[in-house]
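Presented as structure tokens, the chain that follows is alone, the form predicted on its own.
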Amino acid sequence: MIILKLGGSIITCKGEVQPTLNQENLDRISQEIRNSQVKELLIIHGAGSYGHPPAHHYQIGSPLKDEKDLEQKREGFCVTHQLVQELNLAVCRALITAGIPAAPLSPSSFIHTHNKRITDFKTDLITEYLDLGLVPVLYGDVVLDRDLKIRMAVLSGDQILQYLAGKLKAERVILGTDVDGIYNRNPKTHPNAQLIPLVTPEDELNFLEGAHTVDVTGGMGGKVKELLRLAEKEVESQIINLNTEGLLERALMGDKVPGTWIKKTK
């Protein structure tokens, strides 16, 4: 089984104030997945411009101050969930149009966290979908948190990926972003940034910079931390640039493609 993460910066225009879908990218990526003819696939996508701005605005996941703050966060929870659900349906629509049996699954309906880390996740539901030959499509969402000081949290698609890949013993994980992989500094602000082909749990990662847009889940640093947790479980991941046409298709087929591998070497 392969788990594919579609970054929010790829399927949405993440720098936009209003939620904006990148339909051209989404249609091309869907066709590449179809062309690869991968047998068993699970897809997770980020929230991009649909989820990060409202979650940041309402400060979902920050400690509750008083009843008024709780009231505002309730509103924020509903607004954010509605928007990311709309994005999920748009992603599934594109996948189905390309001939992929995509089944949308809302994380908030069956996942709980405690202090922003997953505690309850009914993974048998995912297994049943896969056994039927369906492609489950999950996404970064807002969920109920059992920490009484928080009550509501933002759950990143990267944490879902890390949790599922370990539980379901995925063969490979592919994380598609809008850069070629992990660099020694942010390539969008430093023209001389150098691509790092391999990252291991033993490496020093002080060079990682946050995303250049509003990202409530930690930017590239947050993604790498989740993938390093996965590497400790002997599951290999690769980060590739989905803006490069044909690259995802080749990666799904097992070809060697440019990017960064994250795996345990010792």
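Small disclaimer: the values here were computed from a predicted structure and weren't measured. When you see a residue number, it is the position in the sequence shown, counting from 1.
As for the form predicted in complex with a further copy of the same chain, it is not shown, yet the points below apply to it.
Proximity to a further copy of the same chain in the predicted bound form holds for none of Y183, K233 and G259, with the criterion being a heavy atom within 4.5 Å.
In the predicted bound form, a further copy of the same chain sits within 4.5 Å of a heavy atom belonging to S109. When contacts are judged by a 4.5 Å heavy atom cut-off, Y163 does not count as touching a further copy of the same chain in the predicted bound form. Within 4.5 Å of any heavy atom of a further copy of the same chain in the predicted bound form lies no heavy atom of D120.
a further copy of the same chain is not drawn, but in the predicted bound form it has a heavy atom within 4.5 Å of R74.
Residue heavy atoms within 4.5 Å of a further copy of the same chain in the predicted bound form occur in exactly one stretch of 154 to 162, 174 to 182, 192 to 200, 125 to 133, and that stretch is 125 to 133.
No residues of 178 to 196 lie near a further copy of the same chain in the predicted bound form, the criterion being any heavy atom within 4.5 Å.
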